[in-house]
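In the form predicted alone, a lone chain appears below as structure tokens.
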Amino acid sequence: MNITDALKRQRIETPSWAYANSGTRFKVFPQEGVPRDPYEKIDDAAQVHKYTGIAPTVALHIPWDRVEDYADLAAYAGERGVALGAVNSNVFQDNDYKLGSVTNPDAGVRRKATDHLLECVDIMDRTGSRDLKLWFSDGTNYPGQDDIRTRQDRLAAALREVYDRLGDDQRMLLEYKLFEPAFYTTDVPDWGTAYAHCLELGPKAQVVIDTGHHAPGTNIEFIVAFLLRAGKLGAFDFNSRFYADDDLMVGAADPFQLFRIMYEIVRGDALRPEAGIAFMLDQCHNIEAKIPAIIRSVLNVQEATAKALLVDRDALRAAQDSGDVLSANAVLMDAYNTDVRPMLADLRTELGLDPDPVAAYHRSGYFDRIRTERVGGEQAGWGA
């Protein structure tokens, strides 16, 4: 498959919560025109797909996106040219989860959390979603607070119950996070822990890599290569970071890292939709305008992918096999330093899209309309 064909088939999922108000742990910053319900989030997601052509699905977060009729929500999305994607669970914002959710020492709290995960699978049945994405804030803050091994047993039991509930065409994607909000031990702190649980569960359980959830200096592309080789990479949560997990636009802090990650995807022949990797954004746009930031993020992934596809793999392998370190590095750098924006502009023109998606969005007048229409009522926000 040539580069143009590969780029035409690329798909990136946007998150419903990225269109809502968000902020740091100190302040949530409201913006004009922010959606007031899941239907308006879908409207905004449809705008991103309209101008990029490669963002046809939007992920839901339950209970933030809970509605009475999920079939109606799915139909509404279809009418606007997009579809519902992964269903994200939330077992971290209830008061009962102060000491954890599925690993909580209280059996009643564990039951409540597991029931919510099962509810999310029920919602998947009604939306047609393939992926259940799980992230747990569970962990401890003090030595001796709870038994570390027992918490892993509790986690395994909950995952098994939910795994057994999945349909034949559904998957469980297990996310990990180095720390926060549990600062002494985190129950799923790294890709190895997630991988071990997924391996024990079976083929419908796979690891999701959030690019912001690693210690400084972690070689994320190694994790990508390892999990691809093991057949256990199910998805990405793309964002960017400077310190912990600040969910900036993907590629904002280290675009070269994004290129290296996407090269391993290309190298592993995993860019094809048939490979089953869900390329999702997980971002909260705190001070920047929501829709343009998401469009920019989609374009950043597309640019990194285009550069990864330009790598001369024959030349790279020859340099690697001969032990020519500098030449091998130069092959990668030649691709990375190529300006792919003209090529992508031509591709969009060929597909009937504006060559400059951000400018096209601003000219559309959509923001002026929603800032007027969405006055009144409670705007959606992170956690609502």
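Everything numeric in this text was worked out from a predicted model, so none of it was measured. The numbering used is simple: start at 1 and walk along the sequence shown.
What comes next is about the form predicted together with another copy of the chain, which does not appear here.
Contact annotation: residue 63 falls outside 4.5 Å of another copy of the chain in the predicted complex, judged by heavy atom distances.
The closest heavy atom approach of residue 350 to another copy of the chain in the predicted complex falls outside 4.5 Å.
The shortest heavy atom separation between residue 197 and another copy of the chain in the predicted complex is within 4.5 Å. Looking at residue 71, you'd find every heavy atom of it more than 4.5 angstroms from another copy of the chain in the predicted complex. Contact check for 30, 215 and 328: all three have a heavy atom within 4.5 Å of another copy of the chain in the predicted complex. With the partner omitted from this view, the residue of 37, 334, 43, 354 that lies near another copy of the chain in the predicted complex is 334 [heavy atom within 4.5 Å]. A heavy atom within 4.5 Å of another copy of the chain in the predicted complex is found for exactly one of 228, 201, 121, 109: 228. Stretch-level contact check against another copy of the chain in the predicted complex with heavy atoms at 4.5 Å: of 161-169, 292-300, 71-79, 124-132, the positive one is 292-300. In the predicted complex, 92, 93, 94, 95, 97, 98, 99, 105 are the residues of 85-113 with at least one heavy atom within 4.5 Å of another copy of the chain, listed from first to last.
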